[in-house]
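Two versions of one and the same chain are coming, encoded as structure tokens; call them structure 1 and structure 2.
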Structure 1
């Protein structure tokens, strides 16, 4: 007669210290737990509710500017440094990690500063504005490391270059010493030259924004006032490709993980993601804003991007999703002109017309500070059960719910009613016309007039 016995090693089940957790043996046979799915669903429901309870995205506001903030730039070499510029010509360097105050000021511009960018090595800050000047500044490294310095510290520009027309944007090459300025024309500059090394004209309208490609240093994308999005190769003498949209594009951002793709922030309240190799239709249309999208910036992971809009809200979109996963707003925040993701993808910084910079968490319910291993495992488990049951109605309703300000809520309702009426009208026109005479355009191609190569 054979008897089955449980044999366990004493060494595997003996704690080394009294504070260690006692090891517990689990039998994962599903027949022993008939209520396992019901228990998991209840845990997912509780996790979704707790996420809403602990959603406190606003971290703090940084004031010091005397006019509306027009642009921002982040330093690739320092996580805690962010540059901002305002419409009165004031440029400041902020410490967003500890004190959230001004570390250094860069006086000199006599008009609104419309563009800021930092070189890849983090040593040179380039600014441009409506005073027709391009200024190069040496970034003071000790000010980023010493948080006890006075906020009255200021520096002088290392070089000043004068243009014929007002400048609206600037961006630095990811690898190299070249940077591009946008204004009446597109100019390519070198740090050591007082005149542009190359210029591109875009017709009678000004160039609004410019962005270098993170993968190909010689390729850049621009948007202009005549509703064109242009892709330039600085090794050529003219634009390689152009897309004519129905409305103006205010800003462009390349995906850092997929450098062939870029997203355009448009005046119609939508963002359009394009493949730079195939521009006759958008890859995805991101819609939720009810007014013009003023700025856009990708997360370093390339999985999300943040937008700031004229409707006084900040939204975070998945790179392949049509609707935002988060909306941030406050009663005091006015029109948002610039947004940036932090270099570690943990925070979002917004600059608005009320002279303040605001610091937000990229994940509204994320716990800040040191997290113990058991807490981290608990958070991961909650995310897993939420993803497993996210299709069920109750959890889906809780996870998707976002409180909207009253003006945005009313504007979205009005826009939805107008779109429904237009859709009904198109369906009736198609039903009462000869087959094939009325062609329905997809939303990805509706706002694109043509592509020019």
Structure 2
């Protein structure tokens, strides 16, 4: 006969010295883990509660401007710096990392500055404003001895170009040295020429915003005051595509990871995501804001975007989801006119009417700084187990809970009541008519009137 019993020698299972690592053994057999689903549910509940405990999204406010902030620009080459411009012509470069102070000022504009953009190599800052000027500045290189906090340097513009009309927006091409300004018409400029290289006129309404495509250097999207969104190819002489909507679009952002898709921030409080090639219907309608959406910016991962709205809140939406995953608001933050998602996808910067720039965390309960690999694994596990059970009522209630300021809460309740009443009436109208005569329009096409070309 052959006999074998379990015999374990202590050396194999314990460590020799205290400097050695403890050995860990795994057996994934489910019969060793009774009630694993209940334990997982309990862990998901604890993870949801902990997330809420650690949710402190507000990092700090940057004070300095003397009038409401009208626009901001990110420097693609330098993570810590952000440019902001206000309604009285004041342009500043901020260091948002540790000191949250102004590093450099660019005085010169006489009226409100309406557009700010930085070239892709980070050397040239372009600004335009209601004083009909386009100014080019050279961005100061950050040096190691730059710890002199008291001296706020100011620089002279490297070039000033004048236009006939007030300018409303500016954007720089992703590769190359062309930039586009929007005003009474759409102009394409070169850094070195004092007159626009190319001009596009379209109807009698002014062009409100411009955005170059990150993937194709010659394509840009604009929105105009007569509720159009137009896509131009600068190698052609007229618009490639035009979409007419019911209300005007305040801002457009292209998805950096899927450059054929763009999202338009509209005056009716919704954001519409379009596929640039197929414009008859929106890919997705993002509805959560109560008032006009003023600005929109995509995260560099392409999976989320941040919007700032006239209703004093900043919301973060998933790129394919209809509702926001997060809302940030403060009593002191008034109308938000511009938002930016930082280039490392960790922070969100909002500039608002109360002359402050505010820095928020993109994930409210994220632990900043260097995280040990064991901590990282635990965070990932918590996230995964919470997502697994987040449809169950107890956990859903905790995960979804957000405090809304009273005006927004009331406005949402009112709009919900109005929508319910409208839907009920439409259902009854449908029931009382011959089948097929009354057709419900889908949300994706509801606000689009037609597509031209």
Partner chain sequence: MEVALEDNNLMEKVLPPDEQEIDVELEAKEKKYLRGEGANLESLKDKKLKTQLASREKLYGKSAKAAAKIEKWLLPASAGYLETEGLEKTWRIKQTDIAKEVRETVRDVAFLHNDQFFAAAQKKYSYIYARDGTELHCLKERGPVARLRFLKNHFLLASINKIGQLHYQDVTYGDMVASIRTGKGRTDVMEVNPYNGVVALGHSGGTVTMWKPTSQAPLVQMQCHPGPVSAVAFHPNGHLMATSGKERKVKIWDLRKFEEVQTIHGFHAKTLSFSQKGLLAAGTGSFVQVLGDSSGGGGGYSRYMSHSMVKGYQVEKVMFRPYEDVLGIGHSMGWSSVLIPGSGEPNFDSWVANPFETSKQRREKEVHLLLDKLPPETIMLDPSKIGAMRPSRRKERPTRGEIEVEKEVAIEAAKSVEMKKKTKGRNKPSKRTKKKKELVENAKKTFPELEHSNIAGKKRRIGEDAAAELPASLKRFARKN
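In this text, rigid core is short for the largest set of C-alphas that superpose within 1.5 Å between two forms. Quick caveat, the model's predicted, so the values are computed rather than measured. Numbering follows the first chain given and starts at 1.
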Item checked: Structure, 1 versus 2, that is the form predicted alone -> 1
Next item on the list: For residue 20, state whether the C-alpha moves by 2 Å or more between structures 1 and 2 after rigid core superposition.
Entry: yes
Notebook entry, point to check: Using the core for the fit, does the CA position of residue 9 change by 2 Å or more between structures 1 and 2?
Noted result: yes
